[in-house]
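Okay, so here's just one chain, in structure tokens, the form predicted on its own.
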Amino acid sequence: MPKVDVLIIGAGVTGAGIARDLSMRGASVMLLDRGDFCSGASGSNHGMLHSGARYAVKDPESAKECASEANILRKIAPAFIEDTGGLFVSLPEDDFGFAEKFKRGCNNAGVDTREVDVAEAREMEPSLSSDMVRAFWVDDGSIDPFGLTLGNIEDARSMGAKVRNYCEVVGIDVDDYTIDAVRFKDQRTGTVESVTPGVVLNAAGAWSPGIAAMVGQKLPLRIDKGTLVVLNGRLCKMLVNRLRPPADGDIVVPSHSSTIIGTTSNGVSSADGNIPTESEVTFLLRETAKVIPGIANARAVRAYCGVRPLIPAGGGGRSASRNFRIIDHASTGVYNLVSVIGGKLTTYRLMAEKISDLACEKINNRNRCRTAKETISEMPTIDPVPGIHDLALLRMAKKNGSEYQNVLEQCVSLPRGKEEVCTCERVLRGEIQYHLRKGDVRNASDLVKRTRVGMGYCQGGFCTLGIISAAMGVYKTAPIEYIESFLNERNKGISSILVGEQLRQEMFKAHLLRSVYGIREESR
């Protein structure tokens, strides 16, 4: 049975960050996930790089952590960050006194902010409502959670980490209060393998209690559902927050070629089976349109939701803490199991550092953390390439970071590699085939995380056949089931936004794919 110093369960951004951290310290590492990488809360959020301002009034400790970690991420992962800057704006109906608390809280927490008058705010962000009465500039930004997670994974692999997706933990053996074997099933082959870990780190997010329960441990957790809506096009240049106590529908994030609005916060009983509802979508559109009126006439292209694994303290919903906690199960009878819950995308690196420190104590590794100083991925140098649009090159660089040159080489060397498969997102055939050949991709939905194919205006309506063609270039057969699973996954995202003309268009598309090409989708 193979041995590793540390086995990490859960390949969201925190698990990926832990794998990178420990690999840099010289530990032997294995990282497993039952699905694809970045499939839980890490891949279902705004993609917001917090300045800390949002937490300045109620949770100053989180505000300080966000302010510090955001600056670190700008240095170590510039390829995946867009420094949009942000504004907090209040409307006449908002509590005017909150602005003073906000200003004082930001000052106390060391969050960089300054008040701007209404005219200056509208000059900075012309999309804002003319009803705005007060505004503050903050150092918010947007961040690509998929690129960040995959960048951590590729860096960890380059240092020897074994990282595998679609491998589900099915059993854990404990002897003398110590985990001595973890069994996992490879969903590609159906085989069950075992590994002997020195330490097991449970970073499975909302599914962490299930892992802990395998060894008789209780892990209290508050599971909180958050719904978001994707709008076609960038409706604002800057990240816009409502200047009021955190509430539903008060954040607007420009991201890649779209705008993301959200979110909601509702406690749910299970991490599985959650979908955005029509009422949530309607509420988010109505609420965010008060700040950016153009949202009222925008086309919603998709809705999605994630489940936050929150610390069970401080009440529910918006009252629940957004901080993180590390639980050493040695105190309750399993010496080499550690869990991490809570936290935010912006503070993932700090969470990884703290849990890695504890893991290193347990395996007697005295090497120190270096993740705050060593770069994951610089922004690649982009030179013009005949036959490829400059915007396609820029997007390819932002998505792939340090892998950009390898992806570009595929696009240039393959006979049809420069062909644009997804015109909404400028995704090239060579880019798709590069990721198909890497081996991590199991279905077309996995391609979406790596390339953004099908994430644009038409949501796969025009590029589905192009994806099939590109996949046939690798697999040599028509992957109809592969595409059907992709369309069914996309349908989960659009079913709650379909009304009027959009509903008619989707019905026509479904009829076309079914009757002409024999591609069946699950009923919506």
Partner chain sequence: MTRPFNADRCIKCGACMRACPVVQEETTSMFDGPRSLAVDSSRFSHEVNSLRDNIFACSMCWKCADVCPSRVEMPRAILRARADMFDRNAALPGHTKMMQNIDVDGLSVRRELDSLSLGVEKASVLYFPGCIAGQKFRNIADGVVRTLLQNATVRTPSGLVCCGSPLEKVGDRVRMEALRKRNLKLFEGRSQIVTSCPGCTSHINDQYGVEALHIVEYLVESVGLAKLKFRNHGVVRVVLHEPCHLKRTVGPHAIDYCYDILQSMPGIRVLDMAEPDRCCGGGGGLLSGYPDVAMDLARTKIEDAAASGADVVLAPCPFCVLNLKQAGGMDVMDLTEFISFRF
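Numbering follows the first chain given and starts at 1. Here the structure is a predicted model, which is why all the values come from computation and not from measurement.
Beyond what is shown, the protein has a form predicted in complex with the partner chain; the following relates to that form.
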I'd like to know whether G52 contacts the partner chain in the predicted complex, with contact meaning heavy atoms within 4.5 angstroms. no
Can you tell me if S257 lies within 4.5 angstroms of the partner chain in the predicted complex, counting non-hydrogen atoms only? yes
In the predicted complex, does A213 come within 4.5 Å of the partner chain, counting heavy atoms only? no
Under a 4.5 Å heavy atom criterion, is E425 part of the interface with the partner chain in the predicted complex? yes
Looking at 244-252, 162-170, 143-151, 450-458, which stretch has residues with any non-hydrogen atom within 4.5 Å of the partner chain in the predicted complex? 450-458
Check all three, G233, F462 and E501, heavy atom within 4.5 Å of the partner chain in the predicted complex: yes
Since exactly one of V385, V268, L394, V118 fits, which has a heavy atom within 4.5 Å of the partner chain in the predicted complex? L394
Pick from P415, P220, P126, G97: which residue has any heavy atom within 4.5 angstroms of the partner chain in the predicted complex? P126
Within 202-224, the residues having any heavy atom within 4.5 Å of the partner chain in the predicted complex are none
